[in-house]
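The form predicted alone is given below as one chain in structure tokens.
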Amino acid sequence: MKRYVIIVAAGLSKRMGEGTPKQFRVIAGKPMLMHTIAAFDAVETSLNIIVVIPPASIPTWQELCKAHNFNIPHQLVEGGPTRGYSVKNGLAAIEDDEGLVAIHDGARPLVDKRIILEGFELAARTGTAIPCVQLTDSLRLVDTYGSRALPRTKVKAIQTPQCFLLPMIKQAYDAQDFMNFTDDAQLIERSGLPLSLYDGNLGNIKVTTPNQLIYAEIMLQLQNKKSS
């Protein structure tokens, strides 16, 4: 069964502040997006990698690949105005009707081999695989009625890659309101299909702030030292 990964990196990094979008910022020697791509390539070199970036950034990315001698094969796809449109564009680039696809945030460069492999294996058996982690902070639900405590043992934080059988996720993205969902698992669940959860990794953070960018760089530098 063919395996694909769609790495979504078409955001404008508004929470990161002005300047270069976070996916193109150099950390631990190369742009963050290259670390994310390399994490998947290191697990399985036969994996079909699709990278979705802003249309205007394609020349910039191609120049970065030349400058950093980055030769991991990947297909570039133009992103859309929202994450949902970007994922849909990535799915449209897959001609096969059968197979498995992992959908991953380009801003999660610390994804590890175990999460990737377990996701594909679980999705092959059940149709879906959603990594999640147990929260450690106390939680409160805040609404117009005030706030109330939530039992943290019953709440999970959802991560990526989220893996699916290709026909299942393509059909889900045929819904007219696909763009209203913040992640792919929600769209699948709305379709009435069950979700299979598995253990993620607290280190698999999504980099959205300058402090998280510093943390990711430190962790990647440590990884590089261990592998050298």
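These figures come from a predicted structure and were not determined experimentally. Numbers for residues come from their place in the sequence shown, where the first is 1.
Missing here is the form predicted together with a further copy of the same chain; even so, the following discussion is about that form.
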Please check if Ser147 has a heavy atom lying within 4.5 Å of any heavy atom of a further copy of the same chain in the model of the complex.
yes
With the partner left out of view, is Asn71 within 4.5 angstroms of a further copy of the same chain in the model of the complex by any non-hydrogen atom?
no
If you check in the model of the complex, is Thr20 within 4.5 Å of a further copy of the same chain, heavy atoms only?
no
Taking the shortest heavy atom distance, is Leu222 within 4.5 Å of a further copy of the same chain in the model of the complex?
yes
Among 37-45, 195-203, 166-174, 61-69, the region lying within 4.5 Å of a further copy of the same chain in the model of the complex by heavy atom distance
195-203
In the model of the complex, residues of 99-125 near a further copy of the same chain [heavy atom within 4.5 Å]
Arg108
